[in-house]
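So this first bit is one chain, no partners, the form predicted alone, shown in structure tokens.
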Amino acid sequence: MHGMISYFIRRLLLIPITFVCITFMVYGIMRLSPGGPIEQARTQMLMAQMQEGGGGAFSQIGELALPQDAIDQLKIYYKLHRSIPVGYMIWLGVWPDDDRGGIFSGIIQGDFGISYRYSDSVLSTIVSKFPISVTFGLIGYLATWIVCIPLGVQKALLHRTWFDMTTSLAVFLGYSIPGFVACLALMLMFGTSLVWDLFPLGGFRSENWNDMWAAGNIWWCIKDQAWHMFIPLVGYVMSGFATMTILMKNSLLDNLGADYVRTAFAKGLSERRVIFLHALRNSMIPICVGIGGAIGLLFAGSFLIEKTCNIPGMGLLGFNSLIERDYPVLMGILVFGVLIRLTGNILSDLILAFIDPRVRFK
């Protein structure tokens, strides 16, 4: 027990070091990458000049450049006038910000900055997207368990039968097709713009959902929510469908061939009791260990699925922030993502130590 406690204490102490290394690396890459806010400001001026000039020659427009004093002001406004290490420490909150009177202001103090795109607090912008991503991530993960665990068990019990071979084709297709591609295909086949008119082409809810909820039409709201969530949830399930199904099948097959299973049968225990009480319980260990790692998906969402289905969650927010170089929002999402992932890894170790008495961390 003492060895396990010291192991987890060391893991907890490594979180700040890992967090600083990851965030500093990403911060430096974003500062060095082209297409930042100053370049976008120059592009906007060029576009405005093109509109005012009525589509004049691009060679003349292309010569337009921002004055140096304007560039310097933009660097100060976007906090890009400091070196990368100093700028990172100001963002972290361990270096005084001279532009704000020498105060310490950063993520350690709960100040994530202001979004370039939304002109609002980064923290409030990110938190407002949490419920949507958590809803899809949690329901999608539970749906994956409901589908994959029974399927994997049946494939193990009916190994090398027609059922196993037929479902292996579905597993292979699930492994080959990414979740966002499955969403796109379903929208093309069953979207409201085509003949079948079964599901919407995207969105989280209908525009009048809040009005209907306020009016007490709860059943209509439930059906509308399910109507919008079906295709994205299929994408979430497809993302882990093949992996969890094969992992469940192989784990159960290994346990069915173990010595303790043969001993249980020799003692006269029923087949159902041996399989579902002894073998299945031990076979769930590799599946349960992945719960901690799945927490990141519950909170961070899926960039591609949310973009494909136009779901205004954390994934779509991160995608748009990346395209528009909204550095404060990107760094804010990175903070939550890294902390959730690191905490989830420790949670996975705790779950493994709890459900498997053979594991002893030292």
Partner chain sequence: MATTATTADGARKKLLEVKGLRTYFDVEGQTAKAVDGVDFFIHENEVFGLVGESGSGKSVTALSVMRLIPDPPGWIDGGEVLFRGKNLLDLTYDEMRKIRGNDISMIFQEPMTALNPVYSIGFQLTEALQHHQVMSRQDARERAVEMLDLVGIPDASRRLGNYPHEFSGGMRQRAMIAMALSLTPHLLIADEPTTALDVTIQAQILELMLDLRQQTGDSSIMLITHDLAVVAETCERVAVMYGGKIQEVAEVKRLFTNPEHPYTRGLLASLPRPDRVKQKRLQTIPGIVPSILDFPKGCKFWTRCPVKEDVCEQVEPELVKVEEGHWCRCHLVSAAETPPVEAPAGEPEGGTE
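Residue numbers count along the first chain shown, from 1. What you are looking at is a predicted structure, and each value in this text was computed from that prediction instead of being measured.
What follows is about the form predicted together with its partner chain, which we do not show.
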Non-hydrogen atom within 4.5 Å of its partner chain in the model of the complex for each of Tyr260, Leu277 and Asn282: yes
Distance check, Lys223 to its partner chain in the model of the complex, heavy atom within 4.5 Å: no
Met212, heavy atom within 4.5 angstroms of its partner chain in the model of the complex: no
Its partner chain contact at Asp98 in the model of the complex, heavy atom, 4.5 Å: no
Its partner chain contact in the model of the complex: Gly268, any heavy atom under 4.5 Å: yes
Region of this chain that lies against its partner chain in the model of the complex, out of 111-119, 260-268, 82-90, 133-141 [heavy atom, 4.5 Å]: 260-268
